Structure formats: C-alpha cells, structure tokens
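Take a look at this one chain, the form predicted on its own, written out in structure tokens.
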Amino acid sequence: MKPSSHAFAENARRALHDATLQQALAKAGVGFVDKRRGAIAGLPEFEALREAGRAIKDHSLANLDHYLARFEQQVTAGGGQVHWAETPAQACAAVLDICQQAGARMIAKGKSMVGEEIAVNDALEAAGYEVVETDLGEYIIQIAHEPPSHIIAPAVHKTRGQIAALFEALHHRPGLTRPLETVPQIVDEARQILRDKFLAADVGITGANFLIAETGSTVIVTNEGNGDLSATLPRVHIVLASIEKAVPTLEDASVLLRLLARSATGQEITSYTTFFTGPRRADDLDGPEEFHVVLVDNGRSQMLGGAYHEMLRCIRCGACLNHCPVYGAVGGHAYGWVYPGPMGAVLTPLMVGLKEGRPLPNASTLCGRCEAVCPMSIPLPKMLREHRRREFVQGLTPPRGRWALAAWAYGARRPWLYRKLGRWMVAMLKLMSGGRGRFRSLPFAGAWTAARDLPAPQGGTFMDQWQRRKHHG
C-alpha cells in the first residue's frame, strides 16, 4: 500500500460524508468499547496484570538483542530458519526466495499487519504467485481491492449488505448459499471458497503476536482458525514478524495474551491461540516440512532508547483506535497507510517520514483516552506532541500555523500582555456572540463550527476568575 497520509484532510472530509461508512463505524465502535469494558470489569486484577505486562515488555526491549539471538538459536535448533530483514525490500526478497526454492504457485496467507507494512502481497503477485488472504476480513478487503481499515478487524468499514454484494458478484458458482442475508451465510460461503485454497497452497504465511526466546516458538491469536490452516497444511510455513515481538518465556507470553484478548475483542482469550515451534517432526501427524521466520526491522531499532521507544511496547490490540474520537469519526482509510488511529499517528511518520505523515499527529484532540485504555500504558499523546515539535523545528508546519504559534509565544513570554489580550478577547467574543452563549460560525474557527457549536465566554478570563476565587475563597 502506497502511503497517502499527506491527504488526511481530504480523506477525512470524504469519510465524514459517507453515510454507509458512518453507519458501519458507529456500530463497530460501540461493540468494541462495551465488550472491552465488560471483560475488564470481570478481571479485578487487570491493573496489576497491566503493570506486569509493561514490565515484561520494558525488560524485553532493554535486552532485545539478547532475546532475538536466543530466539534464532532455538528456532535453528528446532529445524527452522530465521531470516533478518532491515528493510521492507529485504523482507519481501527473503519471502520470494523461500517461495521460489519451494517451487510454489499458490500461497495461503493469514492476517499480518507486518505483511501489509512491507507490501508482501504486491511483491508476490508481481512475481506471478497467487496469494489468497484467509482471514475473513482480509479476504473481503482483498476482493474489494482495499487496504485494511482496522488492525484487528480489517473490514470493519464494510456493512453486511456491501459484503453480500461483493460475494454475489465474485462467487457465481452453483451450490453456494443464496441469498446472502445473514452473517452465518456469508461466513459459510467464504468457508466453501477458502477450503480449496487451503488444500492447494504450497506456502502458508502468517504473522506473529509474540516470539518466545525460551523455545523458539511463534504465537498467533485468531477467532477463525484460518491461521492454523495456513500454517499446517502447506509444505512451507513462513512467519512474518517485527523484531519488537520477542519476549523471554512462555509465562511472559501468557501474561500478555491475557491483556491482548480483553483489550482487543473483549474476550478472556481468543478462540484459537496457537504456538508454532519449528517444522513437522518425524512422529507429528501434520505440519509443514519447512519453517521460516522473517524478522523485520523497518526502523524499529532506531526507535530503541529514543523519544518513541515506548511505542515498541505496543501489542497491536487496537484499543486506542476503538476509543479514539477521531478514528471513530473518519475510520482507518483516512489515515492513508497501514496503521490508523493514535498508534498509526505515531508510527506512520516514523516509517514513511515526517513530511509524508505530518498531518496524522495533528489529527488528534490529545484527549488522552488512547493512553488510558492502552494495556501497555503507552504515552501516545506525549509522542504525538513530540512529532508536532519536530514538525515545527523542521519547518514543516504551514506558515499560518507558524505565525499563530509565534504570536502566541510572544504573548506567553509577557504575562502582562497575555492577560491584557485575554481580557480583550473575552470582551470581543461576548460582543460577537450577541448574547446567544454560543457561536455557529466564527472567523478562523470555521473547521470547528462546521460540525459543532463553539461556546461563548460566560465570565472573565481563567486567570481573572481564579484570582477572584482565591481572594474570596
């Protein structure tokens, strides 16, 4: 997927006027939030678990080189192979080489955000391979020729009617369920189509939620079982994973899994939580003949120890998206790349460049809900502000914004002037409101008043009111 984050404003306007999208977002948002709330209410020790999970990730990142080396050692000892990729191009080249060596034609792929990040499907299809997404949401957006709009629910922007129309247009084969009026009917039709793909695939590609250094295992969580079929039926299994997924032990992974499911889908644990440890052994009934892990850096090692170090704690649960008022209004496609929402607003400028991703850190109210619900307590607002600071320092802020900040800074460094201007603005705004108590339009605030009223001042400035309370309190 080619980044188009610079077009966020245009994308957002289009999303706000898309009635079907707004319907889908409203329904999905409430579901995610309510389920998470219920799951956490049923776990009194959630905050203690959260602290334990953060400590595990902090320790893992502080010793990442050690645990990655240990992971590779264990994978190799179990008969697998680890491939290191600093860039997306190197990661795609490693995958293509494995597929070529295997003589592959058909590739079954489980959901992988790292796969989206490195555009592995594009690389494989350009080389002549048939790639089939096996996660239902990913399959839907693949046949719709769209990128995912959510990291755990790729087709959350689609309504049931849209999905039914897609299937009916593509799957005109005798014997398939008609008409597609319910979710079970849609799922059943997808199952019929994908079953043959699983059986015909030469190579299966999955992502990884965690990499366990102790055993050389990779872990995936799904609710459909498609990841298991993609990994066990083909002759070759390729795992795509980013380097920060490494954790020391199986016990550490279990702590993070308890946090992940509750934060992502409101479940105690996902329907399928699967550990893969190397290729099939002599006495195994199934499994791949070859097991490969492609470890992707793509700028993550540069984040270690810096201003964005804590972003590497992210376990990709999607809670920050589900609770973000901006994401809830415009959806994932507005962000213009793989990772949407608050986590995407931090990651995208780091991976595609601040100049390209500049609008995303500014597409935030900094309300703090994302940090409050993050199971890893990642200070997302702080990192969004750091992006904004760097944007200003590098001269990427539009001239009007720079002038406004310069004017504000001039006044802020002169308290007497700041207070005087504040009193003048309060008086002017009261006069302009005409006693209505709110503005439906206001010069220089059109973007705000286009969608909501702006309250008019009801008293003096904050400082004046505070001083009065102080003297009379």
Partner chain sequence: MRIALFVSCLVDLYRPSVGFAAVKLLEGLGAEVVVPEGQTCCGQPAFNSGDLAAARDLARPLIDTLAGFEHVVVPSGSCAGMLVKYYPELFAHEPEWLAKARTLARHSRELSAFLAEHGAVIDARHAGRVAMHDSCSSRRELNVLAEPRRLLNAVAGLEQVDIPEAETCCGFGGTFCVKYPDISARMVSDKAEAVINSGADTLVSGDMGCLLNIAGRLKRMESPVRVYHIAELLAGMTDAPGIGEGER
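Residue numbers count along the first chain shown, from 1. Quick caveat, the model's predicted, so the values are computed rather than measured. By rigid core we mean the largest C-alpha set that fits within 1.5 Å across both forms.
Just so it is clear, the following notes concern the form predicted in complex with the partner chain, a form of the same protein that is not shown.
Visitor: Flag His171 as yes or no: does it have a non-hydrogen atom within 4.5 angstroms of any non-hydrogen atom of the partner chain in the predicted complex?
Guide: Output for His171 is no: heavy atoms all beyond 4.5 Å of the partner chain.
Visitor: How about Val326: is it within 4.5 Å of the partner chain in the predicted complex, going by heavy atoms?
Guide: Close contact exists here: in the predicted complex, Val326 approaches the partner chain to within 4.5 Å, heavy atoms only.
Visitor: I'd like to know if Trp403 sits close to the partner chain in the predicted complex, meaning any non-hydrogen atom pair within 4.5 angstroms.
Guide: Output for Trp403 is no: heavy atoms all beyond 4.5 Å of the partner chain.
Visitor: Indicate whether Cys367 is a 4.5 Å heavy atom neighbour of the partner chain in the predicted complex.
Guide: Yes, Cys367 is a contact residue.
Visitor: Using a 4.5 Å heavy atom cut-off, which of 344-352, 387-395, 119-127, 202-210 contacts the partner chain in the predicted complex?
Guide: Residues of 387-395 come within 4.5 Å of the partner.
Visitor: Could you list which residues of 399-424 come within 4.5 Å of the partner chain in the predicted complex, counting heavy atoms only?
Guide: Sequence-ordered list: Leu405, Trp408, Ala409, Ala412, Arg413, Pro415, Tyr418, Arg419, Gly422.
Visitor: Cα of Pro44 displaced 2 Å or more between this form and the one not shown, core superposed?
Guide: No, the C-alpha moves less than 2 Å.
Visitor: Quick check on Gln465: with the core superposed, does its CA move 2 angstroms or more between this form and the one not shown?
Guide: Yes: Gln465 shifts by at least 2 Å between this form and the one not shown.
Visitor: How about Ala26 - superposed on the rigid core, does its CA move between this form and the one not shown by 2 Å or more?
Guide: It does not, since the Ala26 C-alpha is displaced less than 2 Å between this form and the one not shown after the core fit.
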